[in-house]
Every structure is written in C-alpha cells, then in structure tokens.
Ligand SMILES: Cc1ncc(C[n+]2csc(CCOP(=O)(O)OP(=O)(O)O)c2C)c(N)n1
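Shown below, as structure tokens, is a lone chain in the form predicted alone; questions about how it binds or moves come after it.
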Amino acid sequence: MVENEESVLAEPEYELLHSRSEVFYDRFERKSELKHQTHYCPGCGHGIAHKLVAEALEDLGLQDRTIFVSPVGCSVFAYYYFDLGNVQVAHGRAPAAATGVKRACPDKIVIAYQGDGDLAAIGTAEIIHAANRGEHIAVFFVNNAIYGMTGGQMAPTTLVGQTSTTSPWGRRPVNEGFPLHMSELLATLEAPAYIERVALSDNKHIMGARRAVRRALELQREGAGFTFVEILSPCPTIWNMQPVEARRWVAEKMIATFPLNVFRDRKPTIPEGKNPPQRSVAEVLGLEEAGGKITLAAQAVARPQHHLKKLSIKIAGFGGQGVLLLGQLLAEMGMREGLEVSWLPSYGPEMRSGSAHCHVCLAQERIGSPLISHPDVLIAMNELSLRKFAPQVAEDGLIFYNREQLPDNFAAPQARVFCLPATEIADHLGAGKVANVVLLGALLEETECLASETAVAVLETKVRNPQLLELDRQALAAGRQFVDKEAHNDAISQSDGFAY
C-alpha cells in the first residue's frame, strides 16, 4: 500500500542545464520540413561555429546591438538562424560592407562571417585592407580548405596533396602554389587587435574556440579594433568522409598545416605625431557651423530655402566629358547646403571615350541607397546615353540633352526634354571641357535645387587655374542664361510640370 500517492505521481524536478541560445530564431525557415534544425550537413562545422557565436553574444548582452554580415557560400544562410540585424553581401565583400555598416552605425557590434573560398580568394583585398585600417569589426573565418557550397573546388587554403574537383591529382605547389595562411598574413600588419586560430576537431579544441570567439566579441564591446578568429572546420560531405573521420582529419592534417596559435592580442599603438587630429566635415570643406546649420565661411551666402525634399540625378556620357566630376560638384554643393548626399560612379575600363555615368542623390533625410533606378533628372551628354537612360526617367521628370535637337527616331518619354548645345556653348567660350558646367548652370536654373553661389564656391575650391576658373564662371552663367531665355520657348514637353 502506498502511503503518499501524490509523492509517487508528482513530476520529477529537473534543472535545465542547456538550451538553444536566445540569439537564434525559435523556428528556422530554411527548409519547410525542418523548422527546428539547421540545414547544414551532418558533422558540418558551421553549426558549431554558429552556436559559439550565438552563446557569446547572449552572454555578453550584445544581441540587440549586433549586425551580422554574411556573403556568398554556406555562410550566407546565417540570416535564417541569427535573430540579429542581418546584411547579405556579394562574394568576398563582407569586410568592405561591414566597414561601411560600422562607420555608419558606430555604436553597433558588426560581425563578418566568412568561409575560406570567400575570404581568402575573391575577398583577399577586402580582408587585408580592413585589417590594415584596424576597422572595428569582428571577423569569424571558417576554414575547411575547400569550396563547400559550389562543388568542392580547390580553395586558397586547400592543403598540399589534397584532392578537389579542380585539383584531382592533389594540390601541387609547383602548379597551384602553397595554401594561404591568413592568420599569419594578417598578423604582419600593425593595426589588428586580436588574431587567433582555433579548431573544431574535438571537445577540448571546441572549448578553446569558444574562448576565442568570446574574446573577439569582448574586444569589440570595448572598442579595441579589428579582431579575427580563424576556425578550422570539418566539411564531411565535400571531403567525402564520415563526420567522425572528418573531425579526425582536422586534428591530424589541418592543424599540422595551420598551427593553432594566438598571433595577436594587444591594442595597436600609434606612434606620436602619426595620427593628425580629426577634423569635422565643416572644417575640411571650409565651412563653419552657425545655429546647428552649416553655412559658407568664406562667402556671406545664406543657405537657400529651397523646397526639395529629395532629388535624384543621373549624369551620363563618354569618359573625358566631365560626367563624374559634375556628379562630384553636385554632391559637394549639397553637403555645403546641409543636405544628405550620395554619389555613385560607374565607368568602363577605358580612360577616355568609354561609357561613364554616375548617380547623385540630394535629400533632407538620410539616403537608403545611392543606386537610382528611376531618376528625377537625366543629364545626357551624348546620344548613346540619351537612348539608354531616357526610358528610366521618372514620369514628369526632366532630361537635359547636350544637342540642339533630339536625334531622329527617338520617342521622347513621359518627361520634359531640354535640348541645349552645351559643348558648342563651351567651345564658343574657349574650352570644350567646361560643357559639364554649362549643363550644371542649366540644371540649377530650371530646378532651383541648389544655389548658384554654392556652385561658384565649390568651383573655387576645386579649380586652381585662374583662367579655367573664369571659364567655369562663364559656363555656369551661360547655362543659366540659355534656360532662362531660350529653352523655355523650345522645350519639348509632354507633361504639365516637374515635381520636386
């Protein structure tokens, strides 16, 4: 007979010792039938590396401050698992993108998570220069000595003698060179704060990897600078091994080629006098701040109370026509008038006569992307650019075309088109190279987006030749005069007006 039935039927008490990190999503949406497990192959090191990063972020209380940058490769799927700010970028570009994210959001913890085919191949320049600048980012480098996602090609870290789909006889130093040692390479630079190589070969080494990951993130929290952890990781599927065998191969082969070590753990020191004081944007541009707004210091010119909220401009033509320079002038003018600006160039490999265009955004609010799909304004300096980009102009937009009239068989889009012979005007003034400034004057006159005085001030800082500066002044005035006196009479219009 049971004396205390309740004590027998009561649920036993358990102490929870381990659970999924709060940094992971509750459900993984990578595969519909596997909502509670990752999609990585059995024995893959990415799952372990994810776990170590997630637990460190949770322990350090950094989840809400962290932005995770992942490029092409198996690492790209991190955004399915980490409940963080996630940015996906092009192959190899994680350090470059992470640099931009960190500089735009200096209070955030920024992580670049990359594989060896990504970081050590197409991304070599990005990682070296980010490390050399001492960017305040944490880089976790998963090195499994092979291209995992794309079919097992030889990677920069593939071991001597190791076979792959592109080295079926094994890696041969005489033909393919030696494997790259990224930790040792970066350790030759002065700026990195922390560099360590760890391995996921057994529990003891995984504990060492856990400590290194935590150390790298602690240093990020403290603002120490560039931190880099190289993680030797198994890839059983591509290596054609069982998971246990793959771990053993990491221990016996990979560690022998890539010795585990702390290569750097110190805050970089900058020699006396080698770090000039940081100057503000206002100081660099020769401006002064008054009442929280930037005004021209050299000239007593009031900031125009223009009504534009955002204006996107695409400038296109041949290399040598001043296409990119015109975009730079507009961007600096916007900066001087206190606007948010962006300038994105695009040009071919030719120094001259190749295709070139640039995107310029002027706005009162922060600009989300410098890329313009449907510009408000197109400045086409040749027929090729007109035909290529005119269909992209926003409805009720504006096109400036560098000719007296539109070409034959050209159907004008739903935009106003101004034909003005900027090159001929510039030649008449004495220098065809100022045609871009003629178009600048026309743009300012028609849109009133920026002040002519600002344009003159910018030109005075850019042009050192007094004669050329005078030509630029005349070209600016000529463009304004053409629009004011002639273009309105001859404009080809298919809309009632231009909306700013």
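When you see a residue number, it is the position in the sequence shown, counting from 1. All values derive from a computational prediction rather than experimental measurement.
One more form of this protein exists, namely the form predicted together with the ligand; it is left out here, but the text below deals with it.
Heavy atoms within 4.5 Å of the ligand in the predicted bound form map, among the stretches 330-338, 143-151, 378-386, 201-209, onto 143-151 alone. Between the ligand and the residues 159, 406, 394, 122, the one pair within 4.5 Å by heavy atoms in the predicted bound form involves 122.
Only one of 72, 191, 219, 96 lies close to the ligand in the predicted bound form, with a heavy atom inside 4.5 Å, and it is 72.
Taking the partner from elsewhere, residue 230 is found to have every heavy atom lying beyond 4.5 Å of the ligand in the predicted bound form. Interface membership of residue 91, defined by any non-hydrogen atom within 4.5 Å of the ligand in the predicted bound form, is confirmed.
The closest heavy atom approach of residue 46 to the ligand in the predicted bound form falls within 4.5 Å. Along 111-127, a non-hydrogen atom within 4.5 Å of the ligand in the predicted bound form is carried by 115, 116, 117, 118, 122, in order along the sequence.
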